[in-house]
Ligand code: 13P
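Okay, so here's just one chain, in structure tokens, the form predicted alone.
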């Protein structure tokens, strides 16, 4: 069976069973092509709270499926491969958040959506790379403070502090995304030499030295729309994020040229899903092995910072 034939079979099963499929930009392109919604963490969080389907298949990492479960306690949220975890989220535990809260009792806790449900439950508000600056500015005003606790990504904390002027104390200071943190200034300089007229876009999870060499810093969605809204004269783009976004943009904007800032910008955890696993789920929707269900008491606490984030977005 070809990929196209398998995709057509999945689309038929999806329609028959009234299932909604959500996929992150970093998913393999063949999964993005059959999804009902494709986006970054913020965009998918906004969509998931408005979906009527009883069954949701979330092609992303575990914290994304947890967020969907928190916002949809009455629905079945399934993840094609339950081993698809986010290493960044592992840097921050609820115990560590409580330690920081004890040390800084007057400061609000901002946690990146790239965190577990139990960590979200300890926070005052969540954020994504798309809205971190806006969230920090608003929570700073609400709490009347000039500092916040921010985790688990230290590079996003640094970026948010740079732009907002609000001190973002990292929880912990070693938290990072292994995909974006491997990008070095020399990678950008090398690509600049090869493509001197190209626009260079990077993710805020990159280090400050990398961000300062870029033409544009933004989330995956921000990069996507930066390209979408670019002039016809801007045809070359060097992209500093996971290869999945480049595949998406290459398909959507064939008149543009895209170059990864370095080889092997791959989130292997995101790539643990495939069409065969999604087919299994569509044929076995009640297999509890693949269901992500956040306990009600955790969801009740975690939904507040998520909804607060969505209100600010």
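Everything numeric here is computed off the predicted structure, so don't read it as measured data. Residue numbers count along the first chain shown, from 1.
Quick note: we don't show the form predicted in complex with 1,3-dihydroxyacetonephosphate (13P), though the next part is all about it.
Peer 1: Just one of 219-227, 157-165, 96-104, 188-196 has heavy atoms within 4.5 Å of 1,3-dihydroxyacetonephosphate (13P) in the model of the complex; which?
Peer 2: Only one stretch qualifies here: 219-227.
Peer 1: Even though the partner isn't displayed, in the model of the complex is residue 63 close enough to 1,3-dihydroxyacetonephosphate (13P), meaning a heavy atom within 4.5 Å?
Peer 2: Output for residue 63 is yes: heavy atoms within 4.5 Å of 1,3-dihydroxyacetonephosphate (13P).
Peer 1: Tell me, yes or no, whether residue 26 is in contact with 1,3-dihydroxyacetonephosphate (13P) in the model of the complex, where a contact means a heavy atom of each within 4.5 Å.
Peer 2: Yes - in the model of the complex, heavy atoms of residue 26 and 1,3-dihydroxyacetonephosphate (13P) come within 4.5 Å of each other.
Peer 1: If we define contact as a non-hydrogen atom of the residue within 4.5 angstroms of the partner, is residue 129 a contact of 1,3-dihydroxyacetonephosphate (13P) in the model of the complex?
Peer 2: Contact check for residue 129: yes, within 4.5 Å of 1,3-dihydroxyacetonephosphate (13P) in the model of the complex.
Peer 1: Contact between residue 150 and 1,3-dihydroxyacetonephosphate (13P) in the model of the complex at 4.5 Å, heavy atoms?
Peer 2: Result no; residue 150 lies far from 1,3-dihydroxyacetonephosphate (13P) in the model of the complex.
Peer 1: To verify the annotation, which of these, 270, 31, 38, 68, has a non-hydrogen atom within 4.5 Å of 1,3-dihydroxyacetonephosphate (13P) in the model of the complex?
Peer 2: Looking at 270, 31, 38, 68 one by one, just 270 meets the 4.5 Å heavy-atom criterion.
Peer 1: Between 89-115 and 1,3-dihydroxyacetonephosphate (13P) in the model of the complex, list the residues on our side with a heavy atom within 4.5 Å.
Peer 2: Contacts from 89-115: 112, 114.
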